[in-house]
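This document opens with one chain alone, in structure tokens, the form predicted on its own.
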């Protein structure tokens, strides 16, 4: 089970370029999630003509279920410039992989929850850092895709696309660069300010 918290409204609205398609996950995130706030925001965006559609389903980290759902909404997704995902980091990575040619953004941050975390049938992982970087890295998590968890680009030690720490692991930042190039957002790496991880987010959420 994961604790997922809605990002600030201003941040969510700033993520929308053109029109957006929304994907809601009614899985683990319900534990610490402002369902009412999310519904009100999505309703307002729909009435303002900023959304092409809304898909709500359980556990979007289920690959077979997610694939069928996305096929059903193919037209609305195609009409959207941005896909806005209300889920944990695993869900966002799942959607990003399926919609590799789309700009996929996370509308939530995922926080650490002590104890058993449950399972997912996918190999994606979420470090529950409380400050999701997926919107800057094309839907590929730099914390878990990079063995060093670097958030400002690759270390330069990769060889033939493989990590210097784990030779069986593909360099996460090379994957990120390819994904951003694929969706025409490679300039994000040049314009984005230096990222400094806030490790206090883990402690703060567990005090509440």
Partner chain sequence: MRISELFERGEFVITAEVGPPKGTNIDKVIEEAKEYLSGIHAVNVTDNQSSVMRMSSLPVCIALKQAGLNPILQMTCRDRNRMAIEGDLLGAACFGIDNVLALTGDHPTLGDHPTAKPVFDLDSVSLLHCMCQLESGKDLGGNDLVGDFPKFAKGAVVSPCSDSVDAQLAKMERKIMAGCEFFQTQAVYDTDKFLSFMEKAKQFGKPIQLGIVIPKNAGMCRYMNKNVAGISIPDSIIDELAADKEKAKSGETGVAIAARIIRECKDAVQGLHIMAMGWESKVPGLLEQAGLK
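Numbering follows the first chain given and starts at 1. Here the structure is a predicted model, which means the values were calculated and not measured.
Only in words, not in the display: the form predicted together with its partner chain, which the text now covers.
Peer 1: Using a 4.5 Å heavy atom cut-off, which stretch among 52-60, 66-74, 37-45, 147-155 contacts its partner chain in the model of the complex?
Peer 2: Heavy atoms within 4.5 Å of its partner chain in the model of the complex occur in 147-155.
Peer 1: Can you work out whether its partner chain is within 4.5 angstroms of a heavy atom in all three of 160, 164 and 190 in the model of the complex?
Peer 2: Every residue of the candidate spot has a heavy atom within 4.5 Å of its partner chain in the model of the complex.
Peer 1: Is residue 195 a contact residue for its partner chain in the model of the complex, using a 4.5 Å heavy atom cut-off?
Peer 2: Result yes; residue 195 sits at the interface with its partner chain in the model of the complex.
Peer 1: Please tell me whether any heavy atom belonging to residue 174 falls inside 4.5 Å of a heavy atom of its partner chain, as the geometry stands in the model of the complex.
Peer 2: Yes, contact at 4.5 Å.
Peer 1: Which residues in 34-49 have a heavy atom within 4.5 Å of its partner chain in the model of the complex?
Peer 2: Sequence-ordered list is empty.
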